[in-house]
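A single chain comes next, written as structure tokens; it is the form predicted on its own.
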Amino acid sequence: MRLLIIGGTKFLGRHLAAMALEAGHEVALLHRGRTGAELFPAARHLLADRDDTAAMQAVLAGAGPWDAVIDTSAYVPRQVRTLAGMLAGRTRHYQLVSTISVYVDAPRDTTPEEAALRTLADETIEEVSGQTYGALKALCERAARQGFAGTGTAVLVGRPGLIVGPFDPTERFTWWVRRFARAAAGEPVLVPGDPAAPVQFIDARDLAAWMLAQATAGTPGTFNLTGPAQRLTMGACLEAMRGALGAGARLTWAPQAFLLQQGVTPWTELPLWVPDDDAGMMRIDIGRALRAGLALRPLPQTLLDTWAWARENPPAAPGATGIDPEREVALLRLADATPSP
């Protein structure tokens, strides 16, 4: 297969490129050359900023056609429309990495691909923020379907949940791995909310393997992409971390009301934790992707592989994700002194 990856040198794109090359595919990577430019000498590197239309036209003019294009880095619909215009008739398959954040927040038993999507009153906005990210991704999806309509290109929209594993620059999962790995015997670890609350995420390598298989097959459609296959609770997840990485740690649960009262930021200071009002993002229905071959590795394997990588790679932005150790100690003391409701 002749494969073009938009991105390809960071996290998910890096796993995609490595797997594609190992499988013997002919790979081109379109990226800015700012991160991982030295990676994958066997691939063809097309250097351009996707927001620079002239530069994109120049590098794409002499490349292709492709059997498949996987777009890992589209954040605003203009980027997708521009790319579709340049690739029309030049690829049989286009795959957009979207997100489960496209869904309107609403607690539900499960969130299928047909659930309501976020919208923007002003669709010309291009500022990506916590308030606009999901709606902009939904507009990217629409731009992909419209841009490739009638061109003979099959469009696949993948909506991943939290992506985890080696090379993750966000620390939204890796922070917990580091926290448990450094815990001393008997040390209390502050853990958030309700042990029975659901939690979902997907190993980047499982996601990449599924995406490559669909690119090879030319599969169209929209798919939720997270895991595991069976329901996982926050309690079971953190116990698995404790068992694999810090068996001496002592889980100390703090109720949601207490944490919010103390100003603890969900998802950022205590990653994986979302308040009850946002619990729908941890109840995503992945049945369609499972039926299309999504295979998910055991959690302990992801934990140990992530720790092996994290030992050699300090956080890219220390302190940006995860609670400060002194603040954690203070909260543990306060929680211990706070009577139960």
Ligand SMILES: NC(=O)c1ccc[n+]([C@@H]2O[C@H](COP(=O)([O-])OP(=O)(O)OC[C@H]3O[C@@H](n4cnc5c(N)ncnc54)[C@H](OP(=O)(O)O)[C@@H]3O)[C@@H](O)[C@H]2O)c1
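Just count from 1 along the sequence shown to find any residue number. What you see is a predicted model; the values in this text were computed from it and never measured.
Form predicted together with the named molecule: not shown, discussed below.
The chain here is shown without the named molecule. Which stretch in 291 to 299, 59 to 67, 27 to 35, 309 to 317 comes within 4.5 angstroms of it in the model of the complex, by heavy atom distance?
Going by heavy atoms within 4.5 Å, the stretch is 27 to 35.
The named molecule is absent from this chain, but in the model of the complex, do Arg81, Ile125 and Thr132 each have a non-hydrogen atom within 4.5 Å of it?
No: no residue has a heavy atom within 4.5 Å of the partner.
Please pick, from Val191, Val97, Val177, Ala215, the one residue with any non-hydrogen atom lying within 4.5 angstroms of the named molecule in the model of the complex.
Exactly one listed residue reaches within 4.5 Å, namely Val97.
Pick from Ile163, Leu136, Leu238, Leu87: which has a non-hydrogen atom within 4.5 Å of the named molecule in the model of the complex?
Going through each option in turn, the one that passes is Ile163.
In the model of the complex, does Thr111 come within 4.5 Å of the named molecule, counting heavy atoms only?
Contact check for Thr111: no, nothing within 4.5 Å of the named molecule in the model of the complex.
Examine Ser73 and determine whether its closest non-hydrogen atom to the named molecule in the model of the complex is within 4.5 angstroms.
Yes, Ser73 is a contact residue.
Applying a 4.5 Å heavy atom distance criterion, does Asp49 contact the named molecule in the model of the complex?
Yes - in the model of the complex, heavy atoms of Asp49 and the named molecule come within 4.5 Å of each other.
Would Ala20 count as a contact of the named molecule in the model of the complex, using a 4.5 angstroms cut-off between non-hydrogen atoms?
Flag for Ala20 set to no.
At 4.5 Å, heavy atom to heavy atom, what parts of 1 to 39 sit next to the named molecule in the model of the complex? List them in sequence order, or say none.
Heavy-atom contacts within 4.5 Å come from Gly7, Gly8, Thr9, Lys10, Phe11, Leu12, Gly13, Arg14, Leu30, His31, Arg32, Gly33, Arg34, Thr35.
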